[in-house]
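Only one chain is included here, represented as structure tokens and corresponding to the form predicted on its own.
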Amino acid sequence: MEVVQSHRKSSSNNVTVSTLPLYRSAPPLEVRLEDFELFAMDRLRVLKGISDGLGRGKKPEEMEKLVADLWKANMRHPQANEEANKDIISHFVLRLVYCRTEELRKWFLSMETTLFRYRFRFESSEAQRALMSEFKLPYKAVSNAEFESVKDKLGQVARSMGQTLASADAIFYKVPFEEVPELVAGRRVFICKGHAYVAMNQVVSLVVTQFRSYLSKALILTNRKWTSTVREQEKDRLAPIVEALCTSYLGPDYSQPNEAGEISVKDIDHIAKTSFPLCMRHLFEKVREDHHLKHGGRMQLGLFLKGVGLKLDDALAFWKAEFAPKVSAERFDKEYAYNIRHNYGREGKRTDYTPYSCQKIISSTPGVGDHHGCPYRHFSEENLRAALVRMGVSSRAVEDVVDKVRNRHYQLACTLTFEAVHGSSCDAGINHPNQYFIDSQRILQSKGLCLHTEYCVIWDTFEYSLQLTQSLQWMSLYVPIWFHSLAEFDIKGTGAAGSVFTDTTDGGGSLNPMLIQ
């Protein structure tokens, strides 16, 4: 295994050793299957956090703090001397996971390179030079005489970036300009006769280029070995873990309703409009429109509704009622009821199935006539724009969402939609449809709109606004205060069967006194 030690100076040669491994060779260690998976999931949390940060356009200094926090939160080990092993093992496990397709390789390469970049910056100057020597880079520091000859030019470049030129004892490296493309593209280096003068605080670009090149080749070789021998040899042991890790959901468990409590069939129409993510809202609209969904759509929507608190009896009633125009009660009981009970753990192996995560939904492949999947990935741009407009997303926010979709940041696109619809930031990002629902309900509750469809009256600066809600008990606390003055204020709302108010011809609303006791 590659030797990884803490920063220290060897007494014999006074050389600093870095804690940052280059992952040149896999560790010849015996790893428990439990650690094999857990280490990989911890590192995956770091990489996905980096992906979210980049997608949200965080500045370099913000990314630096984010990477440090993610690493500290996920990659520590109870035994300090095992942290280096965890680092190396988790990298090679994920290399195995993400080597299998071009898309997976591209994502892993980008995230690992970004992680390496910021970890390199955390190293001391001595450790950075030690890492450069490990890459066997054939570049020597610029001599004092040459530095003086280009000092003015280097100063101009520094001032153009709002910096000052370092002192004469600063270290610069003279390298072929094509090896530091990002510095050249950003006009952050002085170029003379085909060579770029790279300051010591810029060598990260040089080292990262080498690291990326090496890792890219290593992923190809790993894929060849995986497909030719390892996958077949480990088909009953490692292969299932490896194939599942890239779509693993790493967040909270939404198999049981928690903060959202329970909902009933009569609540679904309202909460679908206020708190369903686009993927679930689309399925709900389609089942209402077509009175049918194929298996993939029923699984995706059904498990989501289970997670937000729809009980088994209500789920059976909901699907039976929606399918009724096309499916007889006898046929429903015979062909569909079993699968619904199965999802709730009442049939078959009694497995209590969990709602689908964003990653699982994004990676699905809907066929002709299917409506499940992720709209941000599977919709055409035209259909996506139309769907966003129907959700009430502003034209400017629509453009931002579409921009994220074009760059394949589907979860960030959903996050931007959430923020546009609710007028509130979501720094954690959206990673699960049920998270979207719970966060939505929390925001609505903080604004006085309450969970689900409780009936509540909200005082605005200029007027009363009557909102559809569910709990008459909550409202009854406030009825004595405002009921006698309702005639003095404009009451507005949308009438519904059994609601506190009914529509009037002028588009306003009037109270239904039968519901206020």
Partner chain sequence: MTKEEAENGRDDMAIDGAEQANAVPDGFDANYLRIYYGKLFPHADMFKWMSYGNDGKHPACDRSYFGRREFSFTLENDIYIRFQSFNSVIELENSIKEKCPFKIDIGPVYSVDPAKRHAYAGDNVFTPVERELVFDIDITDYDDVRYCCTGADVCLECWPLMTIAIKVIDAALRDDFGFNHILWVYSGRRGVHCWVCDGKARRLTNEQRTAIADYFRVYKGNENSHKKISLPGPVLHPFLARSYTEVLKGFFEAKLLPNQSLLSSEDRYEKILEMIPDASVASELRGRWQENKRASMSKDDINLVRWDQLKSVLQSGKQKTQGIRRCVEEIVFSFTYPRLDMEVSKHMNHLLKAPFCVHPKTGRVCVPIDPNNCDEFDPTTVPTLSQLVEELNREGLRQDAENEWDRTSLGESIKFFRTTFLQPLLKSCKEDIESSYNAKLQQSKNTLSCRTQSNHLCPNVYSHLFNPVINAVEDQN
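Numbering follows the first chain given and starts at 1. Please read all numbers here as calculations on a predicted model, not as lab measurements.
Note that the form predicted together with its partner chain isn't included here; everything after this is about it.
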property: Heavy atom within 4.5 Å of its partner chain in the predicted bound form - residue from Pro325, Pro78, Gly423, Gly162; result: Gly162
property: Position in contact with its partner chain when the complex is considered in the predicted bound form, options Ala141, Val230, Val184, Val389, heavy atoms within 4.5 Å; result: Val184
property: Distance check, Phe190 to its partner chain in the predicted bound form, heavy atom within 4.5 Å; result: yes
property: Its partner chain contact at Glu148 in the predicted bound form, heavy atom, 4.5 Å; result: no
property: Contact of Ile220 with its partner chain in the predicted bound form (heavy atom, 4.5 Å); result: yes
property: Ser395: touches its partner chain in the predicted bound form, heavy atom cutoff 4.5 angstroms; result: no
property: Site check Glu178, His371 and His378: each within 4.5 Å of its partner chain in the predicted bound form by heavy atom; result: yes
property: Option from 415-423, 312-320, 149-157, 430-438 whose residues, in the predicted bound form, bring a heavy atom within 4.5 Å of its partner chain; result: 149-157
property: Contact set, 270-307 vs its partner chain in the predicted bound form - heavy atom within 4.5 angstroms; result: His282, Lys286, Lys294
property: In the predicted bound form, shift in Cα separation for Ile50 relative to Ser363, 3 Å or more; result: closer
property: Distance trend in the predicted bound form - C-alpha atoms of Ser364 and Ser110, change of 3 Å or more; result: closer
